[in-house]
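The chain below stands alone, shown as structure tokens; this is the form predicted alone.
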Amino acid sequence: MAVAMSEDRIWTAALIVIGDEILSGRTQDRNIEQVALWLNLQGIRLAEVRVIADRQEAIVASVNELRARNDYLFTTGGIGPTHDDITVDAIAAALGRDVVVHPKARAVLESYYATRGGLTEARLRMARVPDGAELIENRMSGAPGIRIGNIIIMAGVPHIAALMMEALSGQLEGGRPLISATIGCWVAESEIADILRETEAAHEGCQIGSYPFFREGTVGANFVIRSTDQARLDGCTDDLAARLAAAGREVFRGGI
């Protein structure tokens, strides 16, 4: 069942990216961006991200710290079939719970691997969950994600994590989705810092982010206006464009 939005407060989430391969540079993380974008659509802000190694003490400490100060905590990585996939064990330890084989997860894996060599002990590891957890559907490889309390445990493989988020769409309580508009200018951001500050201050419920760049020997910047209210967003965007034009700057709606 879909969960109704609660529009009178900001809901936040943290993300823990777990994996020695990320920290070593062998693998480039692609989950942060897609998690952030998906959360915005759910009306939830990604407030912080932490990348940590496959060490139980690091996972336990991070889980307990971040779940306490956010509405949701997401993790990616470390729920596969090998000995170094310790996320489930570490999160169970953080919660003071036992690790059990979820009967539905086992049945799903037995069906998936029936024509793929059978359910081995290694593959059965992917049916292990902290006691009391719910499952998140994974239509790609069978091995489910896990939800327990405000913690959501997902695969590290980006396209599988995306399927797990799709299965969660509309199931989490959140606020209004964050929407945005972009204005670009060929200008050094330091030259129009006052305009940005004054425009943001004049529009309650809006934020303006400045993202400078250097292309073909020229300095420019894109200004991203964000809000949860379309009318406020439009008003702030129009005002910023007018102020920049009044300062003699050429404005590019949609960015450069």
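Keep in mind that this is a model prediction, so the values were computed, not measured. Residues carry their position along the shown sequence, with the first being 1.
Form predicted together with another copy of the chain: not shown, discussed below.
**Q** Where, among 169-177, 116-124, 96-104, 130-138, do residues come within 4.5 Å of another copy of the chain in the predicted bound form by heavy atom distance?
**A** Contact-bearing stretch, as computed: 116-124.
**Q** Although another copy of the chain is absent from this view, report whether I10 comes within 4.5 Å of it in the predicted bound form, heavy atoms only.
**A** Residue-level check for I10: no, no contact with another copy of the chain.
**Q** Taking the shortest heavy atom distance, is A241 within 4.5 Å of another copy of the chain in the predicted bound form?
**A** A241: no, not in contact with another copy of the chain in the predicted bound form.
**Q** So, R50 and another copy of the chain: in the predicted bound form, are they within 4.5 Å at any heavy atom pair?
**A** So R50 counts as contacting another copy of the chain.
**Q** Quick check on A231: any heavy atom within 4.5 Å of another copy of the chain in the predicted bound form?
**A** A231: no, not in contact with another copy of the chain in the predicted bound form.
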